[in-house]
Ligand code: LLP
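Shown below, as structure tokens, is a lone chain in the form predicted alone; questions about how it binds or moves come after it.
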Amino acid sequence: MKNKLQIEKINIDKLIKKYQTPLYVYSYNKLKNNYKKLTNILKKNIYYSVKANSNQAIISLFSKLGSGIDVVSGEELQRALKAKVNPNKIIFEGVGKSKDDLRLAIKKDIRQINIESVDEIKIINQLAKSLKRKINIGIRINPNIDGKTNKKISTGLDHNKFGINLKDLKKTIDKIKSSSNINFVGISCHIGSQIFSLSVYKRLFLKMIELEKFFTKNGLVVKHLDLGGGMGYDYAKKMKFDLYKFSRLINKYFSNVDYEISFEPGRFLTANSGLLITKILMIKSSRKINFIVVDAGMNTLIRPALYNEMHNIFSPKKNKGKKKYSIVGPICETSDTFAKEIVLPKQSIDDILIIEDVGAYGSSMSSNYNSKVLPAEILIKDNKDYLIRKRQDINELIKRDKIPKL
């Protein structure tokens, strides 16, 4: 059966024939419009959080639009640099930066390194001294504020691993003052993802204002205050994060400050830009449950299995017959489930299903579990498709293994 569905201006069958399934498809216009909308409403500096989607094409796209880049690993830093991002537009966070990671950041003279422990100050200062450099640092603070979100993506409570606890701030300030090869530029925070409550942000804003005054009182001038990301994206389409109210809240508390304000969104910029096209391999029934087995699995998109977060799934078919299906993948895990008992037009083997809103934490969290290869990724702009990551070849993966002569 031919599908009439188009993504942007390209027929879905053309994409499937050219790239196979499963297939990640991103919309250039969605990415661009999301960034433009965010910056036009907030009117603050944005640092795209690479962990949401680390494809260099997407990093480059946001960089060319004017975004800064927020990375949380040395590998993400290398991706951003390879994508020709200006080092002065890169902020490096993360609780576990290696000395090699930090050495690269110092050599490239990136905008700033956000430290997340007191010991990290000593390590950075020693490395900068050995390289005869002086590097900008910020302090990521753990404000002990509950983001009211999934506990697996909550990062702002004092039992979370992220940032420096409030009780250690004075010790941190003293350590910075005694370190000659670092230059303090600001403070940052991030209390989690999928936050919809503006009252949570209000508490965060008030706490960060209080902390900025604390730093000033103790002799460190805050030039840059990063308020994190976490703006909620509703996959079920039942609620929406109100950017306009959020902007008014920002202006209420930060309209007349001497320091730069920034945010580091990822999901909010990329989630709705991506679709995952998958083909039906098998249909089977068990205890009144109709299972559809598709060729995408939890290795391709792990969010449903890891966070119990379900994405909308739709079928291009228009036939009138309706049936309840549970959509599962081919991976040898019961948790490899995309949806339970959803109503779709009656399906057949080789039909296509579309999983929505996979632009964030889809490809970036994928794996080769069960030795499955990762799919191709394409970017569509109007009526043209661009390959931005080729489909893996199982033979190339197998060649990575070396069997020793024991």
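Numbering starts at 1 and follows the sequence shown. Bear in mind the structure is a predicted one, so any value in this text is a computation, not a measurement.
There is also a form predicted together with the named molecule; it is not shown, and the following applies to it.
With the cut-off set at 4.5 Å between non-hydrogen atoms, does Glu76 touch the named molecule in the predicted bound form?
Taking the distances in the predicted bound form, the answer for Glu76 is no, it never comes within 4.5 Å of the named molecule.
According to a 4.5 angstroms non-hydrogen atom cut-off, is Thr172 in contact with the named molecule in the predicted bound form?
Although the named molecule is absent here, Thr172 would stay clear of it in the predicted bound form, with no heavy atoms inside 4.5 Å.
Since only the chain is shown here, I'm wondering whether Gly266 would be in contact with the named molecule in the predicted bound form (any heavy atom pair within 4.5 Å).
Because a heavy atom of Gly266 falls inside 4.5 Å of the named molecule in the predicted bound form, the answer is yes.
Heavy atom to heavy atom, is Lys51 within 4.5 Å of the named molecule in the predicted bound form?
Flag for Lys51 set to yes.
Find the only residue in Val373, Met365, Ala339, Ile354 having a heavy atom within 4.5 Å of the named molecule in the predicted bound form.
Comparing distances to the named molecule in the predicted bound form, the residue within 4.5 Å is Met365.
If the cut-off is 4.5 angstroms on heavy atoms, which of these, Met231, Ile110, Ile182, Val328, is the one near the named molecule in the predicted bound form?
The option sitting close enough to the partner is Met231.
Out of 117 to 125, 210 to 218, 99 to 107, 185 to 193, where are the residues with a heavy atom within 4.5 Å of the named molecule in the predicted bound form?
Among the listed stretches, the partner-contacting one is 185 to 193.
Could you pull out the residues of 288 to 315 that have any heavy atom within 4.5 Å of the named molecule in the predicted bound form?
Going through 288 to 315 in order - heavy atoms within 4.5 Å of the named molecule in the predicted bound form - the hits are Arg303, Tyr307.
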